[in-house]
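The chain below stands alone and is given in structure tokens; this is the form predicted alone.
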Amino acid sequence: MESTEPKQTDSKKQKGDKVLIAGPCSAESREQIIKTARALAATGHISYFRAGAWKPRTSPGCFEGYGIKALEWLSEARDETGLKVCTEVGSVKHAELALSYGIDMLWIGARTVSNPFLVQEIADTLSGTGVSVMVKNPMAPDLDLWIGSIERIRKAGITDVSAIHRGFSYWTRSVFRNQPWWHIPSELKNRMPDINVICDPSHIAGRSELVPMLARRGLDMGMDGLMIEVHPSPGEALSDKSQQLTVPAFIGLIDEMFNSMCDRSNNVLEELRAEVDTMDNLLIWALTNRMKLAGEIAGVKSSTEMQLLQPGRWEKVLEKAMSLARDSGLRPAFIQKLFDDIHNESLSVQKTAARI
């Protein structure tokens, strides 16, 4: 019988020297975990096999993981395949249980990272254990909060610490589930050059068809590896079914990225255009709310018999905008024209509101 033991399980891989972490979003059954681990181990590319033992859900009553049973399945998968295994911990109890089952690496999720008190409690629990830890970015685009969580883990004596870029929450619909905003993990790498930053394209994408594009972009941006959700039957998954790849799709992606010199320009162009679409959404959101405020201002001016046009106020607004434009590298002439148009539209909204 041919062995399914992987060729290498170090945290750094020979192919491109990248960390590759793969497995289902959540551990749903022993059969699912063993089947997926065997298939991924056979590729010889995987650094760690991942699966969630506990799932932090927004609403109660949703599938929240199998806990100890899942840890048992992960432990068995490690023993059978030789793959190192990892799971998310969101509390001291989770961390203690994961350690008791010998889980090789833990990650702290985005919701947990947003709470420094909880991160500190987990760090204290892990102190002196020697376990590897990954820290996902917080929900909000707060680089200092992300770095602070990493530092808490390091100060607890954990030497093998990595960061995971899984994107940031966004308050309106977008092509992505979470916004990549690559400048934030890039700045993390600048400020903490000894930290591996792993890209999680599954959580950025939210849709399996976008995962390959984002995985390639993450590597092009200098990320040190990938964490990708892989499920034997994504349509039957109990959590995040829309963003998980099938095993064949994952193998095809890895083979393409590491075994061919494919032209990625079209993929990068698509991803950049998707980010432009997100920025356009932000512009429309900002303009919509600015005009709503203009309507409210009109009501205040009308009640006090104040003139709608206030030249002194407008001069200060334009002066500030021009200063910000120069500091940001934008052409002042462009900003003046843009803000003149915004001001004229604002006056129009105020005139309409004042007549109502």
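Residue numbers run from 1 along the displayed sequence. Values in this document were obtained by computation on a predicted structure and should not be read as measured data.
Keep in mind that the form predicted in complex with a small molecule is not shown, yet the notes after this line are about it.
Notebook entry, point to check: Of 94 to 102, 140 to 148, 110 to 118, 272 to 280, which is the one stretch near the small molecule in the predicted bound form, taking non-hydrogen atoms within 4.5 angstroms as near?
Noted result: Selected range: 110 to 118.
Open item on the list: My question is simply whether H45 lines the interface with the small molecule in the predicted bound form - judged by any non-hydrogen atom within 4.5 Å.
Closed with: H45 lies outside the contact set for the small molecule.
query: Would V19 sit within 4.5 Å of the small molecule in the predicted bound form, counting heavy atoms only?
result: Flag for V19 set to no.
Using heavy atoms and a 4.5 Å limit, would one call H231 a contact residue for the small molecule in the predicted bound form?
Taking the distances in the predicted bound form, the answer for H231 is no, it never comes within 4.5 Å of the small molecule.
* Asked: Is there any non-hydrogen atom of P56 lying within 4.5 Å of the small molecule in the predicted bound form?
  -> Result yes; P56 sits at the interface with the small molecule in the predicted bound form.
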